[in-house]
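Below you will find one chain, with nothing else, as structure tokens; this is the form predicted alone, and questions on how it binds or moves follow later.
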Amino acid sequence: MDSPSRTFERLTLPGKVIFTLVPILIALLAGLVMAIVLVGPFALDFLSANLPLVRFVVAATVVLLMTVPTAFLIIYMEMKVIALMNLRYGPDRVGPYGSLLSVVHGLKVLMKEDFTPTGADGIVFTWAPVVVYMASVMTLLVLPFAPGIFGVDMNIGLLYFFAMGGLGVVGLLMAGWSSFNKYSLIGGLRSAAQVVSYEIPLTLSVVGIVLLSGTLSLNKITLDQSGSLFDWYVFKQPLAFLIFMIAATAEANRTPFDLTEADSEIVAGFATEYSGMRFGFFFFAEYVNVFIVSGLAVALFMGGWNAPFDWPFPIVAQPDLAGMGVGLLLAIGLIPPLAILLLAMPFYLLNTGLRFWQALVIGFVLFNVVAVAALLGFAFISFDWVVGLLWFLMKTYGFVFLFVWMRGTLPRVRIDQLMGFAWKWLLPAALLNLFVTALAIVLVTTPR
């Protein structure tokens, strides 16, 4: 009789994997069931008694998880859009239409050697990208995505947003100083000068909106723009919108104001000595910043999640799923296989070179596309937050496209032009907009 070790050695690789994983999964499942039975009631009591804490933890987790796919999507969008602007194909090999190339780039960066140069301050050098990344992520907590879909609705949400956003320059300064490299130091100093210069007109540009809405809560500012297209603050504050977009471009270190990492002058600026995961944190933060700035512009000036017109068909689909009982189970069990078969048959009958299983794969893919589209349509007419989220994301990615467009067309300015434009033009224009807005409010609200 063979011993268990010799029997295991004779198994194929899939057999070894199954023979190893199945007992582990069974043990884990049994442990999970026991933990739910023993600890479940106490955990439910604790969670129900601390709902605000639970909501905050869930919101923070979702915000952290959404940053990476958001960065990957914007990187892919940038590669594809700039390629089309240059009459090139762009990424078209890895994944459908090259959509997985940004994921491959991200994994490649994470797998590279994480090197700390000789002479660098190791602790500061390591924490700098973390500070930059977390400063970006923490601003997402107050950004309203849809009705009820936000991390925290603070009364001072706008002030919190600018306070957290301003911490990013601390990380850039840390990176520039600790790298023991003259180009990194110049990049860090440039970032400090740039943020100090453009933070003032950026903040002053939104004070007019604060005066009009009477609140610093981003959620309430968005609600104040509900109605039609002409209730949006972009029409009430056009000069503020222009100032905000220019200053926000400089704050996000985007072309034509990307002087902190000007490769034609200072190699890569603050990131010159970085590699591996720490380098990836910097540029994940940069692309997340593009999304954040675009989302803030939408929330402040473009109505947030509000549609530009009233939804003309007030249809609400709320079927009684509990009342369907056995019929619902039969529908779930029978409709997908029949639909897949019906979608596969035309491909199998009209194409003689196609095997039946290949036609079934095509039918399965088509069924999933149709099912997802139907589910989204059902959610769109049933839930207000789905409608709001779709409008918010469409507007936000419209601004992301604008940032990508600027990178593909505009040349980088000189550092003296950057600084002079902020102090000589943007700051006076922001003050003028603030004084005119305050004067208009006084004239309109003063009783005659």
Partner chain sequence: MSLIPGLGLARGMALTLRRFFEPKVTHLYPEIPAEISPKFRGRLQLLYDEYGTLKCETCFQCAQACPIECIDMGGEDTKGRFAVHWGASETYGERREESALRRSGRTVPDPAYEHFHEIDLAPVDAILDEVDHDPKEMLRILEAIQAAYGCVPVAALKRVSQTTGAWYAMLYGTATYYDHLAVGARDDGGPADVAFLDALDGALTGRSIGDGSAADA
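Just so we're clear, the structure is a prediction, and the values are computed from it rather than from any experiment. Positions refer to the first chain, counted from 1.
Below, we refer to the form predicted together with the partner chain, which is not included among the displayed structures.
Stretch-level contact analysis of 399-407, 25-33, 49-57, 66-74 against the partner chain in the model of the complex, using heavy atoms and a 4.5 Å limit, identifies 399-407. Only one of the listed residues (211, 85, 371, 338) places a non-hydrogen atom within 4.5 angstroms of the partner chain in the model of the complex, and that residue is 85. This chain appears without its partner; in the model of the complex, the one residue of 234, 81, 223, 134 with a heavy atom within 4.5 Å of the partner chain is 81.
When contacts are judged by a 4.5 Å heavy atom cut-off, residue 93 counts as touching the partner chain in the model of the complex. Residue contact check for residue 230: none of its heavy atoms lie within 4.5 Å of the partner chain in the model of the complex. Contact annotation: residue 89 falls within 4.5 Å of the partner chain in the model of the complex, judged by heavy atom distances.
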